[in-house]
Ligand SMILES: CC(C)(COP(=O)(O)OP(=O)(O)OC[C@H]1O[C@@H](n2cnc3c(N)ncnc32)[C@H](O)[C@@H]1OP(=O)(O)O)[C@@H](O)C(=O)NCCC(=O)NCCS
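Take a look at this single chain, the form predicted alone, given in structure tokens.
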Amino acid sequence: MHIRPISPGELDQFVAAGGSPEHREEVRWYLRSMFAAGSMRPEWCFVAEEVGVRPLGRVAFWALPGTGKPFALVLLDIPWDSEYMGMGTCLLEAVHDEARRLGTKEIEHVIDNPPMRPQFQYHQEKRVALLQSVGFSLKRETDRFEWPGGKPPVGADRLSFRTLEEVGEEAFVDTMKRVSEGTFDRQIREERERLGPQEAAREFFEDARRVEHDPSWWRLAYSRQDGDLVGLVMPAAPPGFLTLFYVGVVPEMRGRGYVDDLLAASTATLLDARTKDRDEKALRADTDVTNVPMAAAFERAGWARFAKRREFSVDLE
């Protein structure tokens, strides 16, 4: 079995190396859009092949635009109905070596249920078994929400907002630290424990700013009545869709329904951005399955739960 990156002229071979023929045009469109966004490159697309046989399997790196380091594996596909474990292990171990060479210390892979475009991840339990065989472990499980259309929710007129540019980075990071206190989100909680609250907030902020966004979208919210800090909103535009990257209420203001106001404001921001861009991108957001209050808030705001996502990661060091 030989594992190699494709050349720029071999996109069709990569597309044909996995999945059903009816999905190939969609995968091809996804690759081209990710190349344009800077999240993928032809040399980050790998095929598994035998001499004299067309490519039998594939996988690719995905990165946050501008970072130059693989963040995740996408478009993983091999012959799941045959000896998938041997080929899959060979393929993943080879690309892990390449990720290390590029300076990646940890890489993730997500599995959505039900399977959806553009990855079409059928044979899910076989996928999990393969991931675990090469060192991946479950990092987080989320409920996925999507805006189904219609008018945005209307929040109570009890908040005022100041943008990141108005308050400055340090005030924003400090609010992120306060908002993350007592979080139900497994990943954020573990990062607080590993790095400490301040450093975890700073790292989260630096990761978030790599995702495309308008600086005016990131805002701190204050009570109109007394001027006290309530929370923050961080809409963003990763490649292919729009999202609520982070929404949160500081501990002392919880239980007063402010999350509904923040979600209403964030949803309106994203819908307004979509209208101005004349681009009907989907609005999507994820929340940890243990964060029941946040999931309920999304549903009150009119967002629809459409999938579950399991996030796996492997330490390459």
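These numbers come from a predicted model, not from an experiment. When you see a residue number, it is the position in the sequence shown, counting from 1.
Unshown form predicted together with the ligand; subsequent notes refer to it.
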query: Contact test in the model of the complex: Arg254 vs the ligand, heavy atoms, 4.5 Å; finding: yes
query: Partner proximity in the model of the complex: Gly182 to the ligand, non-hydrogen atom cutoff 4.5 Å; finding: yes
query: Proximity of Pro293 to the ligand in the model of the complex, heavy atoms at 4.5 Å; finding: yes
query: Distance check, Tyr246 to the ligand in the model of the complex, heavy atom within 4.5 Å; finding: yes
query: Candidate stretches 268 to 276, 43 to 51, 57 to 65, 254 to 262 - the one whose heavy atoms come within 4.5 Å of the ligand in the model of the complex; finding: 254 to 262
query: One residue of Arg305, Arg309, Arg24, Arg300 in contact with the ligand, assessed in the model of the complex (non-hydrogen atom, 4.5 angstroms); finding: Arg300
